[in-house]
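Just the one chain here, laid out as structure tokens, in the form predicted on its own.
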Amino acid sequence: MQVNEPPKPKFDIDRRKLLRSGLSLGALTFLTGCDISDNDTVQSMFAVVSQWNNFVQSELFGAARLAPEYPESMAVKDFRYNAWYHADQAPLLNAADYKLELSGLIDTKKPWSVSDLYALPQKSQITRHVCVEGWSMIGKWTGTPLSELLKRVGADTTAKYVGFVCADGYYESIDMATALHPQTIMAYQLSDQILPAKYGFPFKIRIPTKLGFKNPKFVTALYVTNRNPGGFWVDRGYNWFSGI
């Protein structure tokens, strides 16, 4: 699943130049007359601009940049289900048998049970989930900051990436700064209820600073690495950073 980290684009800019540049995928709209499905040159151009977008977003990101939080009255109770399969096809994980496997640049790789995870300090957030498909929804999520787990297992927080493997075949990765962000949590509850199976029981990674597809569900393995692991949709053309 892991792949070699792609070469980073070499841009000699500072933050003010970065903000003035305004370069994005939208700058390539002049290519709409091209058949991008089989044009290697166009695909290469999109790859370069995607790397640029990753660079821009990572430069703007920081622990002080928080996603908006809302009053509980705005939290939706019937949160929208979203996946590439129907809800009745979602994995049914048994709490008694579940183990979160750890690997990579982590000192203590002992698996974590559901009860181990639930014993960690928890916090709630009422944040907006933004889907790349164009819809958004505010929900109340409760769980443990991912930084807390990483600290307790002795993760190398100078490493570049944290990757996730999921019971439904999904996989995703985030940069370490996002993993340590105060709003990035392992969400065990939605609307004060144990996370229902279709939303990712026993937990999903909730990252309100990222687009929805960067929030993996049914997580069964976590690892820390210096090699970019990509992601399920990223490997199919989506932008990797996809956040603020």
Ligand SMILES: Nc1nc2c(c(=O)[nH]1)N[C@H]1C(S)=C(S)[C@@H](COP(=O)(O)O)O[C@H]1N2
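None of these values were measured; they are calculated from a predicted model. We number the residues from 1 along the sequence you see.
The same protein also has a form predicted in complex with this ligand, omitted here; what follows describes it.
Contact check for M74: every heavy atom lies farther than 4.5 Å from this ligand in the predicted complex.
Taking the partner from the other structure, this ligand in the predicted complex has no heavy atom within 4.5 Å of any heavy atom of S136.
The closest heavy atom approach of N82 to this ligand in the predicted complex falls within 4.5 Å. When contacts are judged by a 4.5 Å heavy atom cut-off, Y188 does not count as touching this ligand in the predicted complex. Contact annotation for the candidate site: I174, P229 and F241 all lie away from this ligand in the predicted complex (no heavy atom within 4.5 Å). Here the chain stands by itself, but in the predicted complex one stretch of 125-133, 149-157, 98-106, 111-119, 125-133, has heavy atoms within 4.5 Å of this ligand. Residues F213, N215, P216, K217, F218, W233 are the ones in 213-244 with at least one heavy atom within 4.5 Å of this ligand in the predicted complex, listed in sequence order.
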